[in-house]
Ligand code: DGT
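In C-alpha cells, the next block holds one chain alone, the form predicted alone.
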C-alpha cells in the first residue's frame, strides 16, 4: 500500500517532536519540522519519488530524503524507532493534550519525572508544576483543562485514526472474510474500541496477530482482544451461517439491540449473536446476512448508520424508512481551498480533481484576508482570482469552478470582507476562526449576525470543534438553526474527519426544520477530496435524503438557490 504524503509528514513530525523531547540539535529539529510541512503540502507522492527527485524538493536534503524513502517503503524509519525506544511509550500520549508541546514535555519529564497523563494530572493537582521556572498556576490549570477534555473524549479515535488501526490488522485476514462492526460501522464521528467479525477460525487468525499488535489482551476460540497503537480491538470469530446475526448484534447501539430484543419477545422469540431462537421449542434460526434476519423479524433492512433506536425500528416495521443520501447523489464539493490562500492545489488542479470525481462543480472558498495566518484574500486579490477562475472555466472542462470565499466572522459579528465584494461571488461561506472562548450568548449573537447577512449562503463548521483536540465553542445551535430556517441559510456539515461539524443530531434537527445542509471537505490537499464520504455518512446518520443536501442540486439549481 502506497504511503501517503500526509502519513510521511506525520512520521517526520513525530520524529522532530521526539528529537525535541530528547534534546537533539535545534537546527536539525527545525529542518524536520519544515520538511514535514513541505511534504504535507506537496501534490506528487513522495513515496514514489527517486532520491534524486526528492533532493530537488526545497527543504529536503540527503539525510531527510533517506528518511522519507525509508518511511515510504516500511511505514517508519530507524531513527524514529530508536527515539521511541528512548522515551517511555506513555510520554508520546502527552502530545495529544491541547497546549502541551515537545519542549514542555521535555521539561516535565526531566524535572518532575512526568511520564504519562496521570503523572501530569497528579503534579498539576498537587501544585508541583508552578515550582518550575517559566510555569505557574495558570499553566497548571491549563494542563488540568486539557486533561479533562482528553478524558471527555475517552481516548476515542477520529475516523482516520481508526482506519489506520484497522489497516494495521487487515493483512491478518483473507479478503472477504471480515467486517468491521461497532460504532465505526455505524459511522460515528469518533470511535472507542473497534469490533471486527470474521468467518475465519481463531486457529488461523491468532498466530497472524502477534507481529501486528502492541499487546494481546486475551486470546480465545470465540474472541481475541488486542491493543493496537493504544486502542483495544475485539475480534469475534463466527460461522458464515451466523454472520448476519453476529453483525447485527455487534453493530447496533445498546439501545438498538434492547429494542430489537423487545420486538423478538413480542413474537415469542429471543435474539442474540447466534440468531433468533423460538422460545417454545428452542429452535435457533441462523442467518448468513443481516437483511434476512431483519426480514424474519418483520423489519425493513436498517442500514448500520441508523441503528441507534431513534425511531428507525418503528419505521422499519412499517417499511417506511427514508431513502437516504448517498455518494452518488453528490454533484460537487462546497468547501475547497486553493494555493491562493492556505491550500496546496492550483485552480486548474481543483477543476481537474472535480472532473476525476465526476463533479459538476467545486466551490473555491479561500479564506478572507482577516485570517492572517492563512494568507487570505483581500478585495483586490479576490478580484484577480475571479478572472483566473473564469479563465479555468473557459478551458472547457466538465467541472465548473464556482467562485466563493470562506469569510471570517469577526468578534462583533461583522464579516472580514465588505458586502459589495461578497455580493459578486457565487457562494459565500462564513465561519468563526478566532476568539473562540466567548460566552454562549455573545457567540450565538455573533453567528446569527452572519446568518442574517444577505450575502452569506453557508455557515461553515458551526461549532468550531476539533475532535479530541478542541471542544465546540459555547453556542446555542437551536437559535442558529431557527434563524437559518427564516433566512434560508445553509449550515455546513464539514466533512473533515477532524471536525465532522455539524454532527448527526444537529443535522437531523436542521433537516426537520427544512434548513439545507451543505457538505464540504474543507480540502487543502488532494487527499482531502476523499473525505466527502465522511460527510455523507454523518448526513445519513442525520436522516438526510438527497433533497436535504445542497450538493445534490444541479449547477443551475444551486446558482438559482444562491441568487
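Just so we're clear, the structure is a prediction, and the values are computed from it rather than from any experiment. Numbering follows the first chain given and starts at 1.
The protein also exists as the form predicted in complex with the ligand; that form is not presented, and the subsequent description refers to it.
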| request: Heavy atoms, 4.5 Å, the ligand in the model of the complex: which of 130-138, 358-366, 183-191, 291-299 makes the cut? Say which one. | output: 183-191
| Of the options 73, 222, 254, 283, which one has a non-hydrogen atom that comes within 4.5 Å of the ligand in the model of the complex? | 254
| From the list 261, 239, 469, 111, which entry has a heavy atom within 4.5 Å of the ligand in the model of the complex? | 261
| Though only this chain appears here, would residue 403 touch the ligand in the model of the complex if you measure heavy atom gaps against 4.5 Å? | no
| message | Can you tell me if residue 195 lies within 4.5 angstroms of the ligand in the model of the complex, counting non-hydrogen atoms only? | response | yes
| Is there a heavy atom of residue 287 lying 4.5 Å or less from a heavy atom of the ligand in the model of the complex? | no
| request: Indicate whether the ligand has at least one heavy atom within 4.5 Å of a heavy atom of residue 156 in the model of the complex. | output: yes
